[in-house]
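Take a look at this single chain in structure tokens; it is the form predicted alone.
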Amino acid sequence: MAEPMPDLPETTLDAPLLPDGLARIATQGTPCPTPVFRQSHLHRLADRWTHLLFLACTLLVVLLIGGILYFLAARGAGAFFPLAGNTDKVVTFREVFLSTNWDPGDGHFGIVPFIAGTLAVTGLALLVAAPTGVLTGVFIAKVAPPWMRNVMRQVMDLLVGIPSVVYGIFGLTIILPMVGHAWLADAPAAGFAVSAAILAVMIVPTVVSLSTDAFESLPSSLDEGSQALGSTRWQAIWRVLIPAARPRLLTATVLGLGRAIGEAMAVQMVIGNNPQWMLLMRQATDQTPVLRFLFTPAATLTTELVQELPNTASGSTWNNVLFAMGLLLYLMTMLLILATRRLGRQEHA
């Protein structure tokens, strides 16, 4: 006869896991030792120095942002207050921010034409780039086959890396003559229309890339659930996916807008650089109002800074007003980013 099997010791199922990942069942009365993880002195020292390095990098970024803000504010304030280093008279806020007369030779420094030109160019560019970029992001993330998705992503990355001066040269040598010949009877086509078109092409890749990431980060249950309830493919995209990705789509749009506001070289080459564009537009009578607005040579904050800042004397009123324009441009970009973050928090709430 076979010998009876020996009794097995009673076991418990709440035994701890050992460091090797093997689930051993501890016998009663024999508790398993708790693993102790020790770090060497070298590892602790490396962690401490890594923490200090990250902290230093963060503080450096904060100091750079604050330093740029302080420098622009200190130089721009010289236009309105008698500070050390001024070599010319001071002007009032009303003369600068509420006047349309820009004539530094006669002591007039109204920057309203540049503010209006910046808003007009960026507004027109965003009007084209935002819907185009969002819809392209929808197509890449939710409609395109995998091979086309990979190709379009590479194309977008390539467009983002093209220098802005290349876009400007293309607009100056190809777009301006073509538009002038086709629509304006060979008249100059410099102005808001071509500038906005160039800016739209420049910021669309940014909006597309961020929009694609926004749609791909959504849980697949949103798409599957909406289609399971009877929605068509386009109803699911329009009524479910786009509203769900709205905070990140807004961020993508504002980041594209920030690049458009700060762009100088490409716009300078095709906008015409005329500070008196408001007066010129009122005096022109040979075009309809829309064409007169779109094809009147104009100027923006960035183009005026690039064109005139290197040619002005340090400490003069002209130079100080240009620094005040740079400060205004800096604050506009910061306000856009802060507004985007606030709107994003409200959407999540």
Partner chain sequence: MTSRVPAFKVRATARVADRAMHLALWLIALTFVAVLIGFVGGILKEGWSELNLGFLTRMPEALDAGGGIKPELFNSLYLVALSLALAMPIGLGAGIYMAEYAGQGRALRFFRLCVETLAATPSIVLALFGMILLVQMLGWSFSIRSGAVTLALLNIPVITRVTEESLRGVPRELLEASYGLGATKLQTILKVALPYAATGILTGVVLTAGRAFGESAILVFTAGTNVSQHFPDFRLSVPGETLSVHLWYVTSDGTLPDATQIAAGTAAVMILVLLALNLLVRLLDRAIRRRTR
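The term rigid core refers to the most C-alpha atoms you can superpose between the two forms while keeping them within 1.5 Å. Note that this is a predicted model, so its numbers are computed, not measured. Residue numbers count along the first chain shown, from 1.
The discussion below concerns the form predicted together with the partner chain, not included here.
Contact check for residue 72: a heavy atom falls within 4.5 Å of the partner chain in the predicted complex. Although the partner is absent here, residue 281 is not a contact residue: none of its heavy atoms lies within 4.5 angstroms of the partner chain in the predicted complex.
Taking non-hydrogen atoms only, residue 158 approaches the partner chain to within 4.5 angstroms in the predicted complex. Taking non-hydrogen atoms only, residue 288 never approaches the partner chain to within 4.5 angstroms in the predicted complex. Here the chain stands alone, but in the predicted complex its contact with the partner chain, taken as any heavy atom within 4.5 Å, falls in 142-150 among 142-150, 92-100, 216-224, 118-126.
The single contact residue among 163, 243, 107, 82, judged by any heavy atom lying within 4.5 Å of the partner chain in the predicted complex, is 163.
Three-residue candidate spot 43, 64 and 132; every residue lies within 4.5 angstroms of the partner chain in the predicted complex by at least one non-hydrogen atom. With contact defined as any non-hydrogen atom lying within 4.5 angstroms of the partner chain in the predicted complex, the contacting residues in 199-225 are 201, 204, given in sequence order.
Core-superposed comparison between this form and the one not shown: the CA of residue 46 exceeds or equals a 2 Å shift. After superposing the rigid core, the C-alpha of residue 55 moves by 2 Å or more between this form and the one not shown.
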